[in-house]
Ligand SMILES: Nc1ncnc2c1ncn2[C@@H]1O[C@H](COP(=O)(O)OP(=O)(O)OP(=O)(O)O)[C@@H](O)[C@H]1O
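Below, in structure tokens: the form predicted on its own, a single chain.
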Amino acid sequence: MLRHFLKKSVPWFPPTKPELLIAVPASITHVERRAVLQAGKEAGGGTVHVLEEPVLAALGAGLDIDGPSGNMIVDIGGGTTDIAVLSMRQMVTQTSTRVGGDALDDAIVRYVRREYNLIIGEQTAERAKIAVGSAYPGERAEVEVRGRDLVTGMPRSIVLDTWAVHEAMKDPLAIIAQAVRSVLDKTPPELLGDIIDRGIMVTGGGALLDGIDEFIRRETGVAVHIAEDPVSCVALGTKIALERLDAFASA
């Protein structure tokens, strides 16, 4: 995969191998880090750097992480949610949980199977999540989903509303909320004051889930802001970090 994208971004043959910066989860192990570095070299990279996604997401969201003040980022991706408090370009406290947008989709699939004896696919679940899903439900909306009846094996349709989808997503949302609280609990008091003043920045595709800002605010008591372009924050941050490799990257 890396080789494919490398060829797309560098279609010609430069005299030297390109320098790579690869985004990795916050809780990556030393073994996993070495594996990513090796994969980058085998894909055709010269010098390969890795940088944690919360740092890149914060850069892409426009946060000033160079100074001594504290900033908190919650990056809700497809497979993981990375949470970190940043100061002086470093992660002061951080955690990762393997719960993200995919886990929300899986939870909807299981809920529909359990409550309605209907088997739906993950893409159908994701469409329902986008259409009527909410982390903090307000107005009620409905969406029709189609699947295969668990008993008869025949196609069948049901109508899901906002509260049903919210009920389906409660467990993975609770895990994300607990992870956010655990990082706040480990944050030094002087940085915690900065976070209370500035609020928590949410990035990643999960930031598009309706009501996620109010949900996290209710769970933590801290103001929450959604990045202007949450899906692109890590990519934008990687571009910024590439231009400042001397300050950010570690081989």
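Note that this is a predicted model, so its numbers are computed, not measured. Each residue number is its position in the shown sequence, starting from 1.
The protein also exists as the form predicted in complex with the ligand; that form is not presented, and the subsequent description refers to it.
Between the ligand and the residues 62, 44, 188, 205, the one pair within 4.5 Å by heavy atoms in the model of the complex involves 205. Between the options 147, 172, 137, 77, the residue in contact with the ligand in the model of the complex by a heavy atom within 4.5 angstroms is 77.
Although the partner is absent here, residue 224 is not a contact residue: none of its heavy atoms lies within 4.5 angstroms of the ligand in the model of the complex.
Remark: residue 209 counts among the residues lining the ligand in the model of the complex, judged by a heavy atom distance of 4.5 Å or less. The ligand in the model of the complex comes within 4.5 Å of a heavy atom belonging to residue 129. In the model of the complex, the ligand sits within 4.5 Å of a heavy atom of residue 231. The stretch in contact with the ligand in the model of the complex, judged by heavy atoms within 4.5 Å, is 101-109, chosen from 83-91, 138-146, 160-168, 101-109.
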